[in-house]
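Shown below, as structure tokens, is a lone chain in the form predicted alone; questions about how it binds or moves come after it.
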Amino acid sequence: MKSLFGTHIHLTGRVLDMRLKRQNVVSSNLANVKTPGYKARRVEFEERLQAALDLDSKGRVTRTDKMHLPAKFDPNTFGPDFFKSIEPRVYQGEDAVDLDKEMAIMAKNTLMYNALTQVMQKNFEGLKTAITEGGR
């Protein structure tokens, strides 16, 4: 069944969800910066996303299909991986959260999230223009 929205809208929405999860995990890491024994967690999804979209590591499209989006990709079944090191370590200070690293991850994630929200906004503006001015 055809939808009013293209598949890229669903994909962008799913990536926004994963970016939000990453932001929440980084926030949790920052909240536990002084918690003894706490180990920073990570949310990684870029490699799995590239593989699901048949992209190589440089982001180039490897498919020769004219649409460049694989039909096998299902945004509802795709999700991020959560990482947490479970190896017990006793070295003083190594289990602590690196504040600078967490802030850099948060800043990068915020930039990417804002860029994706602008993409979504432009898509909806184009749809709105087509609806309001399409019959003129």
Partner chain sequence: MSFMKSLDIGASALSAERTHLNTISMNLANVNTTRTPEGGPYKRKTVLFKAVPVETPFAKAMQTELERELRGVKAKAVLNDNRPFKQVYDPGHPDANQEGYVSLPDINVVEEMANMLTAMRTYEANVSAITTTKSMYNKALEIGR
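In this text the structure is predicted, and so the values were computed from the model without any measurement. Residue numbers count along the first chain shown, from 1.
One more form of this protein should be noted, the form predicted together with the partner chain, which is absent from this view; the next part is about it.
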Legend entry - is_contact(N32, the partner chain) in the predicted bound form, heavy atom dist at most 4.5 Å: yes
Inset, instruction - Find out whether any non-hydrogen atom of A104 is located within 4.5 angstroms of the partner chain in the predicted bound form, and reply yes or no. - result: no
Inset, instruction - Find out whether any non-hydrogen atom of V43 is located within 4.5 angstroms of the partner chain in the predicted bound form, and reply yes or no. - result: yes
Inset, instruction - Give a yes or no for L16: in the predicted bound form, does one of its heavy atoms lie within 4.5 Å of a heavy atom belonging to the partner chain? - result: yes
Inset, instruction - Just give me the residues of 5 to 24, first to last, that have a heavy atom within 4.5 Å of the partner chain in the predicted bound form. - result: L16, D17, R19, L20, K21, Q23, N24
